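First, one chain by itself: the form predicted on its own, in structure tokens.
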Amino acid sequence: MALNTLEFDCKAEAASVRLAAPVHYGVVGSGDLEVILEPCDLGGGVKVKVTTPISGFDAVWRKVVETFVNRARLADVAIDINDNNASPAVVSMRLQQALAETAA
């Protein structure tokens, strides 16, 4: 199975949330994904890399990720998403769960 790699650069409109340490959340499995958040000096931006077996949904991935980054007000974070056919709702949920782990 060939994997599709997508890369996005985002910047939250009111970026103010920075991570103190890396976070890993989720498992790559059928219909699920893992999220890795890492602090990274990106001039206030967010770099996203998505690895997925599905192609043709670049705009959907971008919209889900940009919505998350803006709502979370993230800055200076690298996000790696390793997907195995997760729906946009599951992607959003896993991103929120990973962010919640940073406060734990």
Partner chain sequence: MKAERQWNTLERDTAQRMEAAARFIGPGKQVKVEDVVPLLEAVVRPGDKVNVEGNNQKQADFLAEALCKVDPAKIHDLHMVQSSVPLAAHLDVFEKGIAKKLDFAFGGPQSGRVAKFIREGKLELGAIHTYLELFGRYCLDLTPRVSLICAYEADREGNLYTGFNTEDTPVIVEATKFRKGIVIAQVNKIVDKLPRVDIPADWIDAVVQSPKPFFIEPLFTRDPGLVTERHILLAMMCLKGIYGEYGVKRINHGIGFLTSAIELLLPTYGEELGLKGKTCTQMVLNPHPTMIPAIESGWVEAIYCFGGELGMEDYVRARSDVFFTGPDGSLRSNRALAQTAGHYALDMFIGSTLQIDQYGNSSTATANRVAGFGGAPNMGCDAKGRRHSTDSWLKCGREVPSMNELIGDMPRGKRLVVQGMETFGEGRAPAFVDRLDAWKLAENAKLDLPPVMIYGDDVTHLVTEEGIAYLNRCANLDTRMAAIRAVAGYTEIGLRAKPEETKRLRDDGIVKTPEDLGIDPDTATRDRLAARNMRDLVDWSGGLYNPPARFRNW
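Residue numbers count along the first chain shown, from 1. Predicted model, so just to flag it, every value in this text is computed and none were measured.
This next part talks about the form predicted together with its partner chain, which is not shown.
Contact of A89 with its partner chain in the model of the complex (heavy atom, 4.5 Å)
Flag for A89 set to yes.
Touches its partner chain in the model of the complex: N70 (any heavy atom, 4.5 Å)
The answer is no: N70 has no heavy atom within 4.5 Å of its partner chain.
4.5 Å heavy atom contact, N85 and its partner chain in the model of the complex:
Yes, N85 sits close enough to its partner chain in the model of the complex that at least one of its heavy atoms falls within 4.5 Å.
Would M93 count as a contact of its partner chain in the model of the complex, using a 4.5 angstroms cut-off between non-hydrogen atoms?
Taking the distances in the model of the complex, the answer for M93 is yes, it comes within 4.5 Å of its partner chain.
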